[in-house]
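Quick heads-up: it's one chain on its own, the form predicted on its own, in structure tokens.
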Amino acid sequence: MNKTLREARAFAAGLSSALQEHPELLHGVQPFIIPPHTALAAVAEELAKPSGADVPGRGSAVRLGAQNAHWEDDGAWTGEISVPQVADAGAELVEIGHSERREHFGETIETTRLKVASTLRHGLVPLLCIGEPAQVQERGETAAYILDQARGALRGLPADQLSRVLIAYEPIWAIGAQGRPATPAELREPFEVLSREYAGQVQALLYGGSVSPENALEMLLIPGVQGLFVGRAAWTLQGYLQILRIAAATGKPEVSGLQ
């Protein structure tokens, strides 16, 4: 819940200009940003300007995502927004199952499954967020917990659909204002089990949780980490571009700034 329409437009315009001036930032990297729903169409327009794309958001070097979408295409769901609606506004990705959605809005494994299916049905990319609370980590049950989340949401998908999915591992204890950065040792096991289960089957495995310019390289070098899902450090254009430079130097495929 960050950025007004004016602020979001300025961020997107600045990002487009920076990538035009410094194409090396895209070397081996697929950037994406996920603004609030109110700014989706405006950001899509800004991202399309340098490329001259006919469809807002399509053809831009930066992929655009929505922070949430309902599993039904339409109907009596006051306050909700559907996958066709976010697609119409220019989104190519849909973030699903963020821990804040699970904690505060009752998101369950079953609703994430329904949202993944809807996103795929409409040709968009599901970005599935998984992660455990501190108590689970302390009990040594991280692997079982996150595999349960991932398997439940992706259950029954054929190989061609699974290959379009992004999975972002975000331990709850490492995200937000009160989160503490994870150490490489703490991330080794989660990415080992996720890699065994999904490497080569999903589009990419991302890490998110207190990522910053100071630790981004260290996170990217962890075996199994194929990209980053960045929050607060990417709220400013300068911070986002710093992390893009780091990612481009490593050739890892995915980086995001979650507005």
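Fair warning: this is a prediction, and the values are worked out from it, not measured in the lab. Start at 1 and count along the sequence shown; that's the residue number.
There is another form of the same protein, the form predicted in complex with ligand PGA; it is not shown, and what comes next is about it.
(message) The chain here is shown without ligand PGA. Which stretch in 187 to 195, 39 to 47, 26 to 34, 226 to 234 comes within 4.5 angstroms of it in the predicted bound form, by heavy atom distance?
(response) Stretch with heavy atoms near the partner: 226 to 234.
(message) Between Ala143, Ala174, Ile81, Val125, only one gets a heavy atom within 4.5 angstroms of ligand PGA in the predicted bound form; which residue is that?
(response) Answer to the contact question: Ala174.
(request) Mark His98 yes when one of its heavy atoms lies within 4.5 Å of a heavy atom of ligand PGA in the predicted bound form, and no otherwise. (result) Yes, His98 sits close enough to ligand PGA in the predicted bound form that at least one of its heavy atoms falls within 4.5 Å.
(message) How about Ser210 - does it come within 4.5 Å of ligand PGA in the predicted bound form, if we only consider non-hydrogen atoms?
(response) Flag for Ser210 set to yes.
(message) At 4.5 Å between heavy atoms, is Glu132 in contact with ligand PGA in the predicted bound form?
(response) Contact with ligand PGA, no.
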